[in-house]
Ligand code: ATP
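Just the one chain here, the form predicted alone, laid out as structure tokens.
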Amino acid sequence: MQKVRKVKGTKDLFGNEILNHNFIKNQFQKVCKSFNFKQIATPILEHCEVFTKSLGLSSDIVSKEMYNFVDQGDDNLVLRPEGTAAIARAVITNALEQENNKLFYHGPMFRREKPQAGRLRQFHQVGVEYIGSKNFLNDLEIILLAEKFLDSLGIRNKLVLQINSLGNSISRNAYNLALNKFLQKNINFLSDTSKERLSKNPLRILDSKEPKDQELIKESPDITKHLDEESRVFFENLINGLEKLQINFKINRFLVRGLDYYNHTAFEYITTEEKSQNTVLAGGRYDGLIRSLGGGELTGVGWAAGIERIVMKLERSIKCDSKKICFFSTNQNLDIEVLKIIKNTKFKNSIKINVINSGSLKKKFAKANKIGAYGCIIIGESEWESKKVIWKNFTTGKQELVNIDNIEEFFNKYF
């Protein structure tokens, strides 16, 4: 019989890998709560229009990558491909449209991409959204939050913060015209992928990793030269703020976002490695997103980070520092007494209990050694009659008798 398989581009999480995921999420939540951000969770299933209206039909996510289907009730649904549009929908649906609404989330996202290192079809993100007034200080705050988060993981010094301005809609439209004119003039030098993007979203070509495109892009118009007064002042205030906060950054005029809802601030934390998937955390400002989904005029700024990519940058795997203690008896008639001891004893979080209830005594010791137990509690017939159990320390090889009534005190003292 053929074995069942996992879906391509997905991954089962267990062992040290899930410890790494949990460590990252725990650090993320600690930092978010310290900045007074509140947690929100949206459904994995959303109506398709949440993303077609906000991300833009020309975006790769909508045009190529979304998992969408029509269900039995003829609803056009998608598996959530990203968090920001889903949060915006939740803000509107639940009447959370107020200024200074600071939210954080984590969970799985889904995109039908070509699986590779750091890119899966089901991947996991952590993210923040600051819904409120249009203020460069909000942008600075969420970048500062990102700095604290990455520093708490010990990876900030491995990353470079790149930043750019996409300007407001007026500036962006003006730049799109100039960029489109330049690219049309040099269309024969573009890759096939960029030729396809040219008619849909020329900005995305600036993000091309094709060597052929990158040479041409160097000569393209500079977006910062097309910023109107409002956009220029907003960007200057942001840059000055980063300098005053002593946050290291580099301006990258080629940095763009592939989604229609972004404007003004765009930023990424990237690795210094020459890889196509080198972005660890990315975000920016989205002033028109909530309005595009039928909400009010509130603006927003946020970022998201891929947990799988962060795991790749951790210095070492997070290992469980708890001690495994095995419990077993020398006689199956005493197996229920093992469970009684466990039921009546309060153990510290630093202790992990493992009950072994099958095999000979020799095999029970072998199983305890195999799982890397620190030691074991053994209920022997003669010891049990005198209300004692045996403690065997696998590290030192020593063993001692412990009174049943004092077993909790014993564990509290030595662990």
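Residue numbers run from 1 along the displayed sequence. Model, not experiment: these values are computed from the prediction.
There is another form of this protein, the form predicted in complex with this ligand, and it is not shown here; the text below is about that form.
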| Any idea which of 211-219, 146-154, 298-306, 185-193 reaches within 4.5 Å of this ligand in the predicted bound form, heavy atoms considered? | 298-306
| Sole residue of L120, L203, L242, L255 within 4.5 Å of this ligand in the predicted bound form, by heavy atom | L120
| task | State the residue from R197, R111, R89, R172 whose non-hydrogen atoms include one within 4.5 Å of this ligand in the predicted bound form. | result | R111
| field | Any non-hydrogen atom of Q125 within 4.5 angstroms of this ligand in the predicted bound form | value | yes
| said: Taking any heavy atom pair closer than or equal to 4.5 Å as contact, tell me whether L96 reaches this ligand in the predicted bound form. | reply: no
| message | Is A282 part of the interface with this ligand in the predicted bound form - any heavy atom within 4.5 Å? | response | yes
